[in-house]
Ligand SMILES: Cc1cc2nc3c(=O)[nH]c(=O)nc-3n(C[C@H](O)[C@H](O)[C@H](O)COP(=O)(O)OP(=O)(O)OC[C@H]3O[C@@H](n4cnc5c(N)ncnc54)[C@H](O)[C@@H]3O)c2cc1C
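Only one chain is included here, represented as structure tokens and corresponding to the form predicted on its own.
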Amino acid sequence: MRVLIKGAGVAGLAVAHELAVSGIKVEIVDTASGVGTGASGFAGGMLAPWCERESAPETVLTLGRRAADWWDAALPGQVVRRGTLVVAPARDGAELRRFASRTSGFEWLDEAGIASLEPALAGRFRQALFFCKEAYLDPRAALTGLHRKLLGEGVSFRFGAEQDEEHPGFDRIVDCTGHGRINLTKDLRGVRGEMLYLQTPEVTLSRPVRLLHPRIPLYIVPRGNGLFMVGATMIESADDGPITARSLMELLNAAYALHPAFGEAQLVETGTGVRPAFPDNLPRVFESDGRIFVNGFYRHGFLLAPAMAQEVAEHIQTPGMSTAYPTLKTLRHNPREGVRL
């Protein structure tokens, strides 16, 4: 069997990995010049299903809790399992309590507990939530590593392909082109996410830290060598232009609120990505005109791509499976939630 995958973002690479390890011959095509050039390259890389449950359905927790193990198996050594710390300024203590009421899998920390985990934040926050089971990775390193691994497994890549190019000679085609399907797939919309990278030797963090704020929740993810990814806005727009002045100021102000030393940090990069989303902000797998489509990851690409990829691989390898693709088997008890065709 030969399978063509359109799109070399996190979804396409994850699907290719699941098929390749099953012995299926895979080719990936993308209009971009290489991996990591789309929204996947601007992701936070947080494998944080318990935190995401605060604003997402139970589906995200059900499927996302397997993500860290999948990435660890696919790319040994790249997953960092140190949990997630969630803090809020004293004036926003209600935000922290609200977050706690909508999540699980955490413990409350006092000032001493915060200082023990993150000495750089000592004395800055009175309380925090610690989600010890969560993890993170560097998305760009993960995409590069998965690309390299797939090449070693015989997967072929062709970058710079034409958008509407025909692809004869394949048994199945899987479309993972993300925001490229906006205006082509019903109900798919774009959600603009803006981020930046700050570099400073004055702050040391060992894990992702989320700062709750009524206007713009912030996360800061350490990348090593004093580099921090700061994100991210969620704007209902498919505009992929440069970061706006307002968003830049809000992200910088939030970083400064977490630690004043970020006020002296070097701004080394800004970026914008358009994240495709369906009305329920859950990804979907569906079949149309003989092609399988995987789309709508919203802000959960690295978290949910493994589960979606496993379902696509099972669908392709199971003879006679209905093209009216079922809800994910883990969610069949609740057909109103989940990934469906």
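These figures come from a predicted structure and were not determined experimentally. Heads up: residue numbers just count along the shown sequence, starting at 1.
Keep in mind that the form predicted in complex with the named molecule is not shown, yet the notes after this line are about it.
This chain is displayed alone, yet in the model of the complex one of A232, L85, A88, I220 has a heavy atom within 4.5 Å of the named molecule; that residue is A232. In summary, the region of this chain contacting the named molecule in the model of the complex, judged by heavy atoms within 4.5 Å and restricted to 101-109, 224-232, 262-270, 88-96, corresponds to 224-232. Among heavy atoms of Y298, some come within 4.5 Å of the named molecule in the model of the complex. Using a 4.5 Å cutoff between non-hydrogen atoms, R189 does not count as a contact of the named molecule in the model of the complex. Shown alone here, G193 lies within 4.5 Å of the named molecule in the model of the complex, counting heavy atoms only. For V29, a non-hydrogen atom is located within 4.5 Å of the named molecule in the model of the complex, even though that partner is not displayed. Residues of 62-90 include none with a non-hydrogen atom no more than 4.5 angstroms from the named molecule in the model of the complex.
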